[in-house]
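The chain below stands alone and is given as structure tokens, in the form predicted on its own.
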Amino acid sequence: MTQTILADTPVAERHPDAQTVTAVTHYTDRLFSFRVERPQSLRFRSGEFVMIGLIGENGKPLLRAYSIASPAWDDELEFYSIKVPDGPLTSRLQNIKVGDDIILKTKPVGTLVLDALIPGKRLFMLSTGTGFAPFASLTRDPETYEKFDQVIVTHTCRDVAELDYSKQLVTSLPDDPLIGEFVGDNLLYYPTTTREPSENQGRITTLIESGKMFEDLGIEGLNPETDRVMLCGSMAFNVDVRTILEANGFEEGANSKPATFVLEKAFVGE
């Protein structure tokens, strides 16, 4: 009697930087968020970003910079992403499911960190689109409320539905069992739209320069003596707000030289 022994089917080795997707939420046909396992070796400051992606057709990782949307204390990592139909990465990333792997490089960097600002009383976080991601991290970090008496978060999108991620997150914080006691009444949220009519319609730069934003929130205008500002959005948004801030006496800071405002130059464009 003879016995045929079949060779085992080769199993593809898992990439050493692979992390498993644990949750995926789609908000619109253009926006989604997802959570992945956090490598034990990863230490980061809330507001920083890492390189993440998928294995490309050539077998090599296709990576882009993504802000970590979860706070530094979270056991998992959260990311907030746009969907671009022809984008080399996002056209594929938008199809990930729970249990899939993504590639994640464990070297966090970025300027949207509290260490890059000198002490102040109020912290403004101004964002457009997926630029809200680092502020999703910072608004959930107790250190933010230990360093500032008041935190004002703005998020500008084209349509009301595109504000769902930030609205759900920010409005839930006061009742959050882990962070709620730190947030209290110290967090103000100002969502705006540029295309679809809404309660706060218009470009945030216009609403700042006209003073309407401050009037709507019932607060005083920007003051470089007491206020600190973080910016994260499109290149045009960053340039426009930087111009406004510098005209009002604010100075751009960095990790090596903290000052009164910081902006993030790395962002996902596809």
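Numbering starts at 1 and follows the sequence shown. Being a predicted model, the structure only gives us computed values, none of them experimental.
The protein also exists as the form predicted in complex with ligand A2P; that form is not presented, and the subsequent description refers to it.
- The candidate spot formed by 194, 205 and 240 lies fully in contact with ligand A2P in the model of the complex, as each residue has a heavy atom within 4.5 Å of it.
- For residue 92, no non-hydrogen atom is located within 4.5 Å of ligand A2P in the model of the complex, even though that partner is not displayed.
- Within this chain, residue 157 lines the site of ligand A2P in the model of the complex, having a heavy atom no more than 4.5 Å away.
- Remark: residue 144 does not count among the residues lining ligand A2P in the model of the complex, judged by a heavy atom distance of 4.5 Å or less.
- The closest heavy atom approach of residue 223 to ligand A2P in the model of the complex falls outside 4.5 Å.
- Here the chain stands alone, but in the model of the complex its contact with ligand A2P, taken as any heavy atom within 4.5 Å, falls in 124-132 among 73-81, 124-132, 104-112, 167-175.
- Note on the partner interface in the model of the complex: the residue among 30, 64, 45, 38 having a heavy atom within 4.5 angstroms of ligand A2P is 30.
- For the stretch 74-100, the set of residues having any non-hydrogen atom within 4.5 angstroms of ligand A2P in the model of the complex is empty.
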